[in-house]
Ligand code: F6P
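To begin, one chain is listed below as structure tokens, in the form predicted on its own.
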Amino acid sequence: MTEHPNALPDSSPWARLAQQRDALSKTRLRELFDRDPERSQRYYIEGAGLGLDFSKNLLTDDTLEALLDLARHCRLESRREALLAGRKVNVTEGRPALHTALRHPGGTDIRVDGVDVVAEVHATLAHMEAFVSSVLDGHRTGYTGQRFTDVVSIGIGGSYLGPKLVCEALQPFDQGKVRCHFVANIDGTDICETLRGLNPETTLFLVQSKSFLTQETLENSKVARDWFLNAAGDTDHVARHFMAVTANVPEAEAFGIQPNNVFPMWDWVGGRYSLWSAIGLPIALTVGMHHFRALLAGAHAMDEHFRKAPLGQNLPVVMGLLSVWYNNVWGAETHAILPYDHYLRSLPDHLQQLDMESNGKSVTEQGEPVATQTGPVLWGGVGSNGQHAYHQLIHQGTRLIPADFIIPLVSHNPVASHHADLFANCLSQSRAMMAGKTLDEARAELAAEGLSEDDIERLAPHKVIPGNKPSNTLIMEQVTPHTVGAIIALYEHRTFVQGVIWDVDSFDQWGVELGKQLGKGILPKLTGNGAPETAGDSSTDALIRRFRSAHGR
């Protein structure tokens, strides 16, 4: 087993980046813009319908070249080739990570264990198209012959976050035939509040689980089936109202779902990368297959950009390397995702799982402790709401928090001057992060307001904004199926780039599995009769006793 070239953070590329940081720590972003009138043009790149202005970052040409040298040193280009060719880049599970094949045009040949997976993907797309058409056209009906009006998608993690994000993002393209609802949480309130007000005769359920054994999904599906049967009576009607996306057909059949109502999942697609598969049925039912295919086309366009663009002109590469730059060299621990578009309001939630589940690792692919910090904490929310909440911490707090501002040039809802106002807010926030306000500027501002010298000296320090805070601005013409596909694929590849630099397996999630394992052991101690055996620690045991007491056990 060969040692990853990034094993030692004091290797030549890292040392060069440390030197760059030392040099830039004495330089203000304001100065970099003043010195270079062409800075915004030189640090602007495009791909797959997206534009990235990364000029408001703490970097020079030398810094960018040092970051690109680090990428080459860590064999990013060959690792990218391995990912896209379907090699087993998920090393701990011995699997490819071929989510890119889900949006690949037909007629190409990508094989896993001798099987042409692109052909399988397009067969599934054809199955989806027939199913979606039958529901939206009213040919497929419920057990009383009525058209479906509502679809309830039951899943969790990647089976929930991605489809929910895209359904919201593409609301302007909603076909208006069915309403999609999402249930994920094992909290009974989630499923109960979703079912309240729905009609069992016109409700279709999608059970989304690769294993068909995920506890949250299975328990919510049982509640949904009981609610349905309370009205329908006959268990034979389950087959008309319940579909599944799973790799475990026998379990789906045992639940009452017919084999022809089961859509496949493959072990070479991780849950957080699965919205492009039949897991995306809620998207297709909302916007129609034409727009679902446009979503895939946008993602594929970003795949091709990632594959072909030179590293320094490559959106995922540049964004991934900038994240490494701040996380590992400047000590930033978090990264803010700030979409300035209401339709993209769930993007931070999806990217949290994508990035933090992928790169929240502490050992390398070789099983050795990592030598550097790995994934940052991703958080954020929709602009401009955040400006009246957590942006204060970004501007005047003591932490370095890089941010991605994401905004379309054109709104689907051009009400009055709202979009110009929104765009102005977006630009002003990124400029405030970059430029800040000096003590002299604060004094001059207060003097212009007519304050006394004493009041000026008292208040001026509180009005200083340090500035020099880095940000990216990601733009697109408008939020469309194509651009939404490109944005999500961009962040998928950005996540992979970071994982290559840190030498972690970005496609497993054993920390998630541990919680599931322990939960199986604790549940019977909560619900069983008699005194439970210890769960292994006094805190958990005491909380189990309190739960049992509250339920009369």
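Note that the structure is predicted; figures quoted are calculated from it, not measured. So that there is no doubt, residue numbering starts at 1 and follows the sequence shown.
The discussion below concerns the form predicted in complex with the ligand, not included here.
- For the options P402, G271, G162, P481, the one in contact with the ligand in the model of the complex, meaning a heavy atom within 4.5 Å, is G271.
- For the residues G157, G383, P470, G256, the 4.5 Å heavy atom test against the ligand in the model of the complex is passed only by G157.
- Looking at 431-439, 181-189, 211-219, 284-292, the stretch with residues near the ligand in the model of the complex, meaning non-hydrogen atoms within 4.5 angstroms, turns out to be 211-219.
- Of the heavy atoms in T60, none are within 4.5 Å of the ligand in the model of the complex.
- When the ligand is considered in the model of the complex, R28 lies well away from it, no heavy atom lying within 4.5 Å.
- Of the heavy atoms in Q353, some are within 4.5 Å of the ligand in the model of the complex.
- In the model of the complex, the ligand lies within 4.5 Å of some heavy atom of E357.
- If you take 494-529 and check each residue for a heavy atom within 4.5 Å of the ligand in the model of the complex, you get Q509, V512, K516, in sequence order.
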